[in-house]
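There is one chain below, alone, in C-alpha cells, taken in the form predicted on its own.
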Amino acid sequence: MRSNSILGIIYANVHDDLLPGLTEKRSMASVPFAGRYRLIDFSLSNLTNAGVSQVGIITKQNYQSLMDHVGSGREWDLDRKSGGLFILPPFVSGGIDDGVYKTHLYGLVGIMNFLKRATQEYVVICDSDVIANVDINEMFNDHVENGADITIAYKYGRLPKNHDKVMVLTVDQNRNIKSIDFLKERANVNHSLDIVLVRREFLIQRINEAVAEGKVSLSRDILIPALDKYKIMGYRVEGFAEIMDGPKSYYDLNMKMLDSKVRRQLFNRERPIYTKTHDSMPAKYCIGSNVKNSLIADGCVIEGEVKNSILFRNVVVKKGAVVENAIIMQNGVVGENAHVSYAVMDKVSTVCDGAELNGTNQKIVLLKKEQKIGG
C-alpha cells in the first residue's frame, strides 16, 4: 500500500440495539471483549496494521467510555501531528435526517467536511461490531490490481442469527460481486463483514447524488445501484471473522476465545490487535484456588474455583466461590461461597456472599454495570 493513501472511518454506535444490556451506558465500539480488549480494537488495529495514519470515528451517543479507551490513539500509533485519531460528532444538518444520524449514509453526510478536507486517495469504512483480523494491505492491493471501484470484505459462513441488515453477496469465480441481497434464512452464504474500500472522491460523489435524490441507505441506495454501473469486487477473509449480533452471540464469541486455535487466528504476531494498556499487578492465585481453561487478566485475585471463564482486570473471586462458563468484567466481585454460571457480569458488579447468578447455555443472564445481587 502506498504510504498514507487510505483514510479510515469507523462507526462507533453501529447496531447498539443488538446488545441492549451492554450498550445502555457505552457504545458498541467500547463493549469489552476477551478479557482485555474493546470491540473497536479490531477495526482500529486492522487499519493501523496497514499503515493507515488517519482514522475518524463516527460517534452517536454514550461515547464517553469510548473516548476514555482510545484517548489520543497512542496504542495504535495515531497520536501524531499530521493525521491521527478524530472523534467525529453525530450531527447532520440540511437533509431529511436532521439531528443525530439514523443511517450509515447520513453518518457519512455528517462528516462530509472531514471527508473533503482529507488528502488520502482512498477510504476504508468499517463497522465496530466485527471481530476479525483483516489484512487491509492485501485488500487494498487486490482492489488496485483488479481496477475495482468498490471492494467489500466478506466471508463464507452462516449469517448472524439476529441481524437482518447484513449484505449477502453473489460472487463469481473472479470475485466480481454480481448481486447484493438481504436474506433472513441462516444458510451458509457469502456475506459482508461491513468493511468497504473505495476511492474518496468517488465516495463523495455517490453520497452527494444519493442525498440529492432523497436516498437514505448506503447499502440499498449506493452499493446495490452501483452493481450495474461500476466494478464491485469481493475480498474474501479467511480464518476467524464474526459479527456480534446479540447477547448470546456476545457470550458465544467470547467463549470461543478459550480455543487456542481461534486465538492464533485472531491474535497473530504479523498483525497484532492493540488495545489500551494498564499498569496492573499480575493475577494472584491463592492457596486452595483452582483455575481451569480460563482467561485471567492482570490484577485478578482468585481464592475460589474458576472454570471455562473469562475474567477481566481486577476481578475478585473469594474463598469457596465457583465461577464456571461465565464472563466477569473489570472490578467484578464474586463473594464467598457464591456461584456464577452461564452469566455475564458487567463492570463493577457484585454477587454477594452465598448468592447465585445462574443461567443456562441457551439463556445467558446479565448482571448490569455496578449492579449487586444478594446481600
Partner chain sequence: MSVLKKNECVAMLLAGGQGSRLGVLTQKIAKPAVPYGGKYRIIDFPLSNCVNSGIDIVGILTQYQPLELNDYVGSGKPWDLDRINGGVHILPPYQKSKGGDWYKGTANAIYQNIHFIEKYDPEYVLVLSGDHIYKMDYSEMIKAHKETGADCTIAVMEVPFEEAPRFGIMNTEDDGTIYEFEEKPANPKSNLASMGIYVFTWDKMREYLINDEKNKASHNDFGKDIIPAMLNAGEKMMAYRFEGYWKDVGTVESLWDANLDLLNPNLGLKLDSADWKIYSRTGWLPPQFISETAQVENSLVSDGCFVAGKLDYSVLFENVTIEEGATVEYSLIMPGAVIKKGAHVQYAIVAENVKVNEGAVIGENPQAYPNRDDWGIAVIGDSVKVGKKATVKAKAMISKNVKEGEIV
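Numbering follows the first chain given and starts at 1. Since this is a predicted model, take the numbers as computed values, not measurements.
Omitted here: the form predicted in complex with its partner chain. The next part is about that form.
Within 4.5 Å of its partner chain in the model of the complex, a heavy atom is found for none of R80, L88 and R117. Between its partner chain and the residues I224, V144, L253, I273, the one pair within 4.5 Å by heavy atoms in the model of the complex involves I273. Proximity to its partner chain in the model of the complex, defined as a heavy atom within 4.5 Å, holds among S289, N176, T103, N133 only for S289. Shown alone here, D298 lies within 4.5 Å of its partner chain in the model of the complex, counting heavy atoms only. Its partner chain in the model of the complex comes within 4.5 Å of a heavy atom belonging to E75.
Within this chain, Y285 lines the site of its partner chain in the model of the complex, having a heavy atom no more than 4.5 Å away. Contact annotation: Y37 falls within 4.5 Å of its partner chain in the model of the complex, judged by heavy atom distances.
Partner contacts here mean any heavy atom within 4.5 Å of its partner chain in the model of the complex, and among 276-284, 193-201, 212-220, 144-152 they occur only in 276-284.
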